[in-house]
Structures are given as C-alpha cells and as structure tokens.
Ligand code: ATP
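So this first bit is one chain, no partners, the form predicted on its own, shown in structure tokens.
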C-alpha cells in the first residue's frame, strides 16, 4: 500500500518535530521544497539534520530505522503505516567524485555547506515546516521566480561530480518550464561527450521520466540543443543522430503518455527515413539495445512490437486480412495507432486512410474480428498427425482460410488439415 501525500507530509512534519524536540536542527530538503515553491504537491519528502546517523537512529529507535545509506549520512526512518518511510540525511560536505557518481567520502557539516554541494539552486533549498519558513543559501527562490535552472557554484564542477546531472538539468527544465542559464547550458555542451561514463540503466531512468511526461517535446528539444541526444542514443549500427529534427517533430505529434510508445517514436526517427518499410535492423538487435538500457521485458517487447508492426498499419489497405488481423487484436493496438497517427502527420507519403481502415476493423464484433480458431494441435493429433514443423504451418494455413472466410466449420477445417498433411508427406 502506497501512503497518500497527506500521510507522507504529516510524517515528514512529525520527523522534523521529533528531531527538534531532541535538540537537533532539522529541515525539509531538496525536491519537496522545490515542488512546494512551484505550487506542486511533493511526491516524497526528505529531511536534513545536524544529527549524525547514530543520533538519528537513537532518536527514532533502531527498530524504526534502516542504515542502508549510513556511509553517506542517510538513515531511512519507517512510519507506522505500511510503506511510509522518509530519508533523514545528516548535513554534509562531499569530497571529490572519482567515479563520476558518488563522493569518495563525506564530512558532516552545516546546512549552508550541505546546500552548496547540491546540483541546482532549485534543489538546494531547505524548508522549516514548524516555522513555515524557507531557508535559501543558494538563490533557489529567486531562480524559481525567474523560471531559471542554474547550477550551484561552478557548473563544470557540478557536472564533473556526476555526469548524470546533465540529463537531470534537461528533465527539470522541461517538466517545470524553466530556462537553463547560459553558463550551465555551456557547461553541459562542453561535457556532453562524457555522458558515456554513466551506466545505460541510469540514463534510461532519466529518459523514461522525460518521455513519459506531457512536456517531452521540450525535453527532446533540449536534448538536441545540448548535444545530449546523440550521446543518449549512441549506436552506429542502429541510430543516426543527424535525424534529430525528425525526432523533435515526431515526438511533438505523438498523443500518448506511454513511455514505450514515445521511445519507439524516437527510435523510429533515428533509425531511418521510411516508416512504411520494416525497421532497418532486426528485432534481435533492437531487443539487445533495450536490454543494455535495463528495460523490463514488457517494455522491450512493446517497443520492438510497435516498430515491427508499424508498417503493417501504414499499409493496411494493401495487405491481406490474415496479415493485419493479428496486429489489430494485440492488447496495445491503441498505442500502435497513436504512433501511426504521429507518423502520418509527420511524413507526407504516409496516408491516414489506412489507419482509419484499421480503426473501423477493430470496432467489428469480437466474433468477427477475432473468431475462435476452428482447430487446435489436439485436433490434429486426433487425426493421427504427428507433431513436427508441418504442425504450425497447417494450423496457420487453416487460420488464414478461416479469417478470409473460406472455411467456417471445424469439419471443413479438418478436411483442409488432412489435405495439407498429405501434401507435406508426398
């Protein structure tokens, strides 16, 4: 069970109160402060304090705390409600980031020093929920008023500490409608090539958040503007980053919030100029790329299916019904039609009549659109046929004839099966 926002907020207030009652300084930190100032309901809350990890565990009790991130000063505090928890982090300063992701060591410090080691000013503020007061050492409040995304301190240093911050800058700017300040933007362009040191899984996590958001067009625009798009989709055998203009336009025309469909649109634009032909690479190659990104099996299968099935939708008027029908009965056919709509709006040679034909067909009664198969493998066994490669071919042929209306009874289907079996064994 996922706690609602009210429960999370009340728990975050109570956590601050309990630390303050014990004589420590405690404040909300980071994203929850940013979201409040932007007029949005925070999805989660983080607490920062001058209490050390051991002191935090003493205040809340070891049974209610987890020392998962203690090496970086973070203790997870558990609430009474299932799933209710909050990160409580000790104010800290960071040493250099040798791995481009984590500091080599941390030193417990003050709230001001803690703020100055964070990534962007909008994420570097604190809030005292007991006094209803914002504590801002980095100018984040003013940047929010100015709708500006700015790195704290030297942007080259902030990016050097964690290369993923370049993608985070794009995501924050896009979804919150912010302008990236010139120094931060220039630093991202300078370091864009260094994104290669970030794991594909972390990159995918950021791209998923961008493409699943209504402001994804702005995100893709910024990826192109910052030279990050070619770094994110870097594969000489699959993608051509020179097609970035098509990527922006196709994503703009897409009308769905599904990450998989948006990703398929981006990949389609980068893989080739003609969506009416089969994808320029094998599904196996694309699946391998999806695995590198650590996409789930369901996500990978859907992305590949969308790209492999798109030509069928775009040329439906010219294809035989048995070739189209399996695509139209797929559970995600509406996502495929959304992708096809975007493609026809972008590429002039793709006609919308084929898509409308598909929409008409999926409105047919289910017994017409997807009738029960007339025979099964068990039926073939009952005829004395032996399992083998011909089994599938016989079943497929019978299904095609059924969908074409050439046969409509099991008796007729079994007759066809026997005839086909005789031909296979001649």
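Residue numbers count along the first chain shown, from 1. Please read all numbers here as calculations on a predicted model, not as lab measurements.
Keep in mind the form predicted in complex with ligand ATP is missing from the figure; the text below concerns it.
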Out of 162, 341, 335, 227, which one falls within 4.5 Å of ligand ATP in the predicted bound form, going by heavy atoms? 162
Of 181, 119, 143, 299, the one that lies within 4.5 Å of ligand ATP in the predicted bound form (heavy atoms): 119
Heavy atom contact within 4.5 Å of ligand ATP in the predicted bound form, the stretch among 24 to 32, 356 to 364, 380 to 388, 53 to 61: 24 to 32
Is there any non-hydrogen atom of residue 109 lying within 4.5 Å of ligand ATP in the predicted bound form? no
Although ligand ATP is absent from this view, report whether residue 259 comes within 4.5 Å of it in the predicted bound form, heavy atoms only. no
Is residue 213 one of the residues lying within 4.5 Å of ligand ATP in the predicted bound form, judged by heavy atom distances? no
Quick one: is residue 168 in contact with ligand ATP in the predicted bound form, heavy atoms, 4.5 Å cut-off? yes
So, a 4.5 angstroms cut-off on heavy atom distances: do all three of 4, 36 and 128 pass it with respect to ligand ATP in the predicted bound form? no
Checked 205 to 229 against ligand ATP in the predicted bound form; residues with a heavy atom within 4.5 Å, sequence order, are 209
